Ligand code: ADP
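First, one chain by itself in structure tokens, the form predicted on its own.
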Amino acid sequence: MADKIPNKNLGQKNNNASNTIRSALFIFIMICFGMLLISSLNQGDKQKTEVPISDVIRRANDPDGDIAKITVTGQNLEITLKGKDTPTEVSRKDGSGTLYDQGLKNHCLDLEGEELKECEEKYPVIEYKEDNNVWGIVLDVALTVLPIVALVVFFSWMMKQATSANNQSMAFGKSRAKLYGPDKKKVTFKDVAGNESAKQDLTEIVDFLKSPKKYEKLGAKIPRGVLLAGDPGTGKTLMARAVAGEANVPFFSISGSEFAEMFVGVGASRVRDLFSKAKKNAPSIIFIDEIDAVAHKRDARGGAGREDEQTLNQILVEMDGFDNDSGVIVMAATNRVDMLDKALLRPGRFDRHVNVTLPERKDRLEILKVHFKGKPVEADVDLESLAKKTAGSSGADLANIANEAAITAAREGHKAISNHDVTEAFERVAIGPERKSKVMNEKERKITAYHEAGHAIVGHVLPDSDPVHKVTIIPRGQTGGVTWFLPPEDRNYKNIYELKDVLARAMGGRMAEKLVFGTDAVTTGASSDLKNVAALAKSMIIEEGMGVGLRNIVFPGEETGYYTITTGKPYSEKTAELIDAEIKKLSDEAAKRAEEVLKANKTTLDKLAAELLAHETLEEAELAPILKSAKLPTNAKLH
């Protein structure tokens, strides 16, 4: 099986070849540039005046001539004039032999002493040098040949580029899937913390791939496809790789968006190529991440000739056309199952639907242990407390917290990750970094202190609210202060009483400002609270059926494609008015409950605000003695 898996991707080979050509061409150009530079340095001779040999002989035979010295190198002559230090003229002998053969008279022959000295002063001194200018000859030849070679190489390269472009156009419809085979790092279920139920569902798939004959003997058919559904960051891709690792089979991974192109038919071609490769490497797994990019409902989008619909149709054909013994399983991941086409979800295509849920507390602890493994951590770091605080976080969120904790420790100069580093990392990821540069005046600090104290007291007093964990007036992210409420345990469901308490404590900040600074003195500090109240109240009415006049009635989501002419929404104008009235009723009720609680606990409100102004941040243990005196008013309406 392993010999069917290529060790290197074909695209990578093409890239390496292209890089080699570019490197060779660059080196060639640099050599040419260097030789041209050397040539320019040797241009001194071309700047000298070239004179005929007859003129040189005539002037040399004249005792009053201007030649002081003649240097002979082979057939070449360099003439130094009287009063000059370097040669300024050049010439060349007509044929072989000495200068005397060219007509130069030897005036100083057989002279000695003063006569020789006087003669040499009148006539040029002849100096002979050996012709050792091999490099000059090589350079002259190179400068003649190199331009021709450069042209040949350039046109050859252009031809290769044209061939490569043609190959790329031919490969345009090829699959871009990444192959993870035995030569890659293997991922198994041991590397995936939490999600035990999903692992159990996928264990059967692994057994199918390992022992297909066992099931075939009993008439069972191998599943055609497995759909992994869950929130972003829950580990769907990692789970799919773990299946391939456990079964020890090739794993083809591709994103749904990689099928899409502006040219019609390319996506379908890539689908065919991908499934063809998977069959050749069977048993194998094809993993399509974010499959909703190409597999959305066709009736909602329209257009039978659309590229994405052709791609979906090809996926449907390929999945339904498998042989029972092909040994290829398609795994796909999405966080929008409601957007997928029904034809894709039917048995025979995606037979198994596996929900990869957000991790529970014990799973979060295991995930945190995995991500903190290998990092230097102080002994007092409490990962259980962190797991408790991170309810609703995905595996990716927890990995980010672990990484931020290490970054914080390095920034602070710590040798190991401390509890403070972990807490700072959690708060940075959950809310945002502290904005220490933001300076608030005393009035703004006082407003913020009462605002956050209002949240804390209302949340502490109401019976179905979560406990207060921490309060701070230090700006974080887009907020001027933060009040944390942490549930004592993970809950899959919330009842109407708990949600109404969430609404009331969210209104606690605005009501505290109103109580202390007056009705007309409310600020924009509660804008995010009011948005959250409106969003939660709307969700309670149209999604959960928790209205008063609209109890037990929910409304179709906008993804169904049903819209009315009057409202442009999936419900009528009259229903929209009822929804608006119900949302207002919930918001007014929350504000009234918060106001009643704060009026009954004004002393505690003042005390908590004063402590926040003094210390800026109060932890759960510091809040307990302050909030101990806060009580639910006897005349308050609980719900």
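In this text, residue numbers run from 1 along the sequence as written. Just so you know, these numbers come straight off a predicted model, no measurement behind them.
Below: the form predicted in complex with the named molecule, not depicted.
Novice: Considering non-hydrogen atoms and a 4.5 Å limit, which listed residue (277, 510, 500, 371) is close to the named molecule in the predicted complex?
Specialist: Result of the distance check: 371.
Novice: Among 238, 153, 429, 126, which has any heavy atom within 4.5 Å of the named molecule in the predicted complex?
Specialist: Exactly one listed residue reaches within 4.5 Å, namely 238.
Novice: Please state whether all three residues 453, 601 and 627 have a non-hydrogen atom within 4.5 angstroms of the named molecule in the predicted complex.
Specialist: The answer is no: none of the three residues contacts the partner (heavy atom, 4.5 Å cut-off).
Novice: Considering only heavy atoms, tell me if residue 232 and the named molecule come within 4.5 Å of each other in the predicted complex.
Specialist: Result yes; residue 232 sits at the interface with the named molecule in the predicted complex.
Novice: Please determine whether residue 367 contacts the named molecule in the predicted complex, using a 4.5 Å cut-off between heavy atoms.
Specialist: Contact check for residue 367: yes, within 4.5 Å of the named molecule in the predicted complex.
Novice: Decide whether residue 193 counts as a contact residue for the named molecule in the predicted complex under a heavy atom distance cut-off of 4.5 Å.
Specialist: So residue 193 counts as contacting the named molecule.
Novice: Answer with yes or no whether residue 391 is in contact with the named molecule in the predicted complex, where contact means some heavy atom within 4.5 Å.
Specialist: Residue-level check for residue 391: no, no contact with the named molecule.
Novice: I need the one stretch from 382 to 390, 395 to 403, 107 to 115, 541 to 549 whose residues put non-hydrogen atoms within 4.5 angstroms of the named molecule in the predicted complex.
Specialist: Comparing against the named molecule in the predicted complex, the contact stretch is 395 to 403.
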